[in-house]
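In structure tokens, the next block holds one chain alone, the form predicted alone.
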Amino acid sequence: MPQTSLLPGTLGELRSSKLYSEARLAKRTVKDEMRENLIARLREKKPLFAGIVGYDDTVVPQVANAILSRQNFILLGLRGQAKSRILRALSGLLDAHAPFVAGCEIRDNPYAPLCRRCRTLIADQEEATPIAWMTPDDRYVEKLATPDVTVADLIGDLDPIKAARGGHDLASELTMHYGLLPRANRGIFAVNELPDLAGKIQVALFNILQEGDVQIKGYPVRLALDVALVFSANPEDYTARGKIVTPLKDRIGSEIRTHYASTVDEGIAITKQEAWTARNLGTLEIPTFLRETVEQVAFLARDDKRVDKRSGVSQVAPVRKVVSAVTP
């Protein structure tokens, strides 16, 4: 992995580098990037997602297929089925370093800038335009959907202070304060619990991804963002709390169902991984029969008619029981 100090610092240096040349990066989208890195990992026979147990033959192949197909996708499943962990692990399929125009709020591609500020800067400074770098963690943005999320939160809003300080007309894109989605440009944008997002916000989200434009307070703003969009949702909550609007649902290429551990052994493996049992109190051994009993109770509860299927019995329950059993 190259050190940041050794990476190109100007647009001219970037153009002359082999790894970050214009021919390679100008039209390479984030979905292309994830696809290339996934193929490389498959060829090397490396695990796609560390710490994910029980999904090797079910969920993981479907996620891989969605990425290979360059699709946006949604994970549907009950609580405690590692949906958020899978989404966060997607950043591992991004390049170790990615260049952008230094100071840009939406991390513009130096070879294909979107915002007016970057286009003007490159026109003025040309090859001397400063370049900054972002890591995979910098390129993952996550938002928990709630009914009070607004278009300003997600897309952005006009900033009258910017207009006043810069002497710009309010219709100018230089007066825009960018929301979470534009700030995720050239990265992954994850929305947890998608049905909780208000219908009009879902439409705005769809419109900027499908058409590249949105209206903010009556002014049309074009942003041809390069974003891999992923979602999670609990299907049991659709009727109780909301739904996914049809235009956005049609935009989602793959629906992938998650599930609880299929066997007691898988449940034990997950609980061993997640339970806090190493407490620096010497060697600790949890009897096998205790682990099996805890997992078996969870399995039986999931099938019991007296348990509300909307709430379910997540893997968190056996994890907590094992943690509680360890004293002090």
Ligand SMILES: Nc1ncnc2c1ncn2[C@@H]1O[C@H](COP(=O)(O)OP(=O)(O)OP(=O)(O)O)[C@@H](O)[C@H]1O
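In case it trips you up, residue 1 is the first one in the sequence shown, and so on. This is a predicted model, so every value here is computed, not measured.
The same protein also exists as the form predicted together with this ligand; that form is not shown, yet it is the one meant from here on.
- For residue 81, a non-hydrogen atom is located within 4.5 Å of this ligand in the predicted bound form, even though that partner is not displayed.
- At a distance threshold of 4.5 angstroms between non-hydrogen atoms, residue 95 is out of contact with this ligand in the predicted bound form.
- This ligand is not shown here, but in the predicted bound form it comes within 4.5 Å of a heavy atom of residue 274.
- By the criterion of a heavy atom within 4.5 Å, residue 30 is excluded from the residues contacting this ligand in the predicted bound form.
- Interface residue among 85, 243, 177, 249, judged by heavy atoms within 4.5 Å of this ligand in the predicted bound form: 85.
- The listed set 52, 268, 48, 34 contains one residue whose heavy atoms approach this ligand in the predicted bound form to within 4.5 Å, identified as 52.
- Residue heavy atoms within 4.5 Å of this ligand in the predicted bound form occur in exactly one stretch of 72 to 80, 197 to 205, 108 to 116, 122 to 130, and that stretch is 72 to 80.
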